[in-house]
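Heads up, the chain below is alone and in the form predicted alone; it's given as structure tokens.
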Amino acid sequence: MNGTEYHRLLGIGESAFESLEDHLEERNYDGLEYRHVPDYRRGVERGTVLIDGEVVRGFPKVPRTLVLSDGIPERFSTVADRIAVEEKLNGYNVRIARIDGEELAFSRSGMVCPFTTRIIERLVDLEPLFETHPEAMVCGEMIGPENPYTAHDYPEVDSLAFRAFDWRDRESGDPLPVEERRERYERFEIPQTRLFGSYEIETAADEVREIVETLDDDGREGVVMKSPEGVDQLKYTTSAANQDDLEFAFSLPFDYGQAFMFRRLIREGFQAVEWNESDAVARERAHELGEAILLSMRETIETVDDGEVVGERHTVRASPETVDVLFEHLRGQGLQLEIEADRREDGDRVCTFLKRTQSTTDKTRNYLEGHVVQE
């Protein structure tokens, strides 16, 4: 397809598309060439894909509030009287679309994920959905402990699972209204993220806080609030999720940027103030934050001091071919992998591997050897 036809599908002018083309990244999946938008450009969503004459829209960035009582009315009061509140899960975001008869799973940045594309059919049957709605873009989260990107334990998931959280038109990116989307997924027996309820804007902050407190006690991620039409969204995370992120980031302090860590500390500060915590409760929060930061970092330093390397550890369970394709995909992105355990179980290959984070390993070793820190 030529650029003129693509710019019409994207709804932008020819000159805008010509400017966008300079920033598109070219990829190949199993002989199928495609291009994707790695960052937000010219009003086009990050992750938008141009493939085989078709467009697969990227998923819009969801804003975050640090203060529920003001953030909710600020975001929604001019567009809705009520909001739907659904669970935000800790995994990796995928969009699944049918292109030329094949179901492809796209990452947030717009790359075809060979692992997800191959594994999704054993987790959920999307064929009836795409037969009825070929224009659909199924948006969801891949969660569970056997996860090659973002591993997190959920009591209800033994290995890997899919949970739908949105349904959009593949070409336009327009969402279905929340109620209609949930009814459709239920009809096709597609598992979804949990719906807590629908709440009036005036009382939503108190309702959401109660939900967040329960999720926090359970060590879960947070919530996404949506207008009934599904267009306007807002997210809010639990303290448990913030602290988990900080624990992970400070276990690899030279590979995760200061902005990543700072944003999560800021969230904790605003939550402590909005929830009007007593000095004792605030000190307990501070104690937990300190442990998340210091203990994970100490463990990393001790690991490097013992002559070992550090990184992100994952376990995956899939067919041997799928695991091979995953490792090829990860290494193709410049990642160094170290296979720590590899076995066969019920026909699957179950593999634990380490994504080596060389910056943290090297800098920690240098400092342990007495290199001076330049500040």
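One-based numbering along the sequence shown. The shown structure was predicted, so the numbers you read here are calculated from the model rather than taken from an experiment.
From this point on, the text means the form predicted in complex with a small molecule, which you will not see here.
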Pick from 69 to 77, 87 to 95, 202 to 210, 115 to 123: which stretch has a heavy atom within 4.5 Å of the small molecule in the model of the complex?
87 to 95
Using 4.5 Å between non-hydrogen atoms, is Ser198 touching the small molecule in the model of the complex?
no
is_contact(Arg64, the small molecule) in the model of the complex, heavy atom dist at most 4.5 Å:
yes
Should Val224 be classed as touching the small molecule in the model of the complex when contacts are defined as heavy atoms within 4.5 Å?
yes
Within a 4.5 Å heavy atom cut-off, is Tyr34 in contact with the small molecule in the model of the complex?
no
From Arg184, Arg82, His133, Lys235: within 4.5 Å of the small molecule in the model of the complex by heavy atoms is Lys235
As a check of understanding, the residue in Ser159, Gln243, Thr193, Ser109 with any heavy atom within 4.5 Å of the small molecule in the model of the complex should be identified as Thr193
